[in-house]
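This document opens with one chain alone, in structure tokens, the form predicted alone.
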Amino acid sequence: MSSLLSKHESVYRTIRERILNGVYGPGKRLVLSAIARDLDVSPVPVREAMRRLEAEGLVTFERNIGARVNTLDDEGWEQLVEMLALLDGYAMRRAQCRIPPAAIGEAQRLNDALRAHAGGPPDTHGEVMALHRLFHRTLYAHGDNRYLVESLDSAWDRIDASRVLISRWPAHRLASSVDEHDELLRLLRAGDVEPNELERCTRQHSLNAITAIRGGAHAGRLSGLSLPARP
């Protein structure tokens, strides 16, 4: 029984990783029999993996077609980033007093690596988004609500699977984002920022991605919250 469960878990993790890293891109049809042959397993663990991935929002089943990797239109990814902004802001507030200096130092290292990628070629965009995601997780993972952390991880997974931000974010947003990361870290190091202010700044940092990518038409809806000026 344990070996059977292990095989199911291995198949699930392999397919999931291929979706998140773009091997199975948005809209790709996932043929169960072909994947089973590729992984040298029966269709049973593949079918079970697809059901789990469907529950996570990474896969959709279509009538007479089967499973496909989910895609996001402009409205879809904007709504997802808005939700991410709300959750990340609240998670940062909850984590504020629990983030150790070592985590802040690691986040700074990640942000320095991001800055080094500014102006880099498109073939590095996947690495850029992975660093960006890890920067945020290094901080919000210290919150005291595991369901909040799980929800953030799930939202990031759906963003990664869509490949939307990987294709747009680095070119439109990286340069300003690393400066905002530095400002968030400065606030954390200062230790005396009000929780409401930290939450607000973290939330706006994520919302700024929509404004940067989509332009001024969306700026009015998302404006009114900005990072404080450095004294």
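Note that the rigid core is defined as the largest set of C-alphas that superpose within 1.5 Å between two forms. Predicted model only: the values in this text are computed from it and were never measured. Don't overthink the numbering: it's just position in the shown sequence, from 1.
Beyond the structure shown, there is the form predicted together with the DNA, which is absent from this document and is the topic of what follows.
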In the predicted bound form, the one of G57, G66, G27, P195 near the DNA [non-hydrogen atom within 4.5 angstroms]: G66
Proximity of V41 to the DNA in the predicted bound form, heavy atoms at 4.5 Å: yes
Close approach of A175 to the DNA in the predicted bound form, 4.5 Å, heavy atom: no
R47: touches the DNA in the predicted bound form, heavy atom cutoff 4.5 angstroms: yes
R51 within 4.5 Å of the DNA in the predicted bound form, heavy atoms: yes
Stretch from 32-40, 158-166, 179-187, 196-204 whose residues place a heavy atom within 4.5 Å of the DNA in the predicted bound form: 32-40
Rigid core superposition, A55 Cα moves 2 angstroms or more between this form and the one not shown: no
Did A190 shift 2 Å or more between this form and the one not shown, C-alpha, core superposed: no
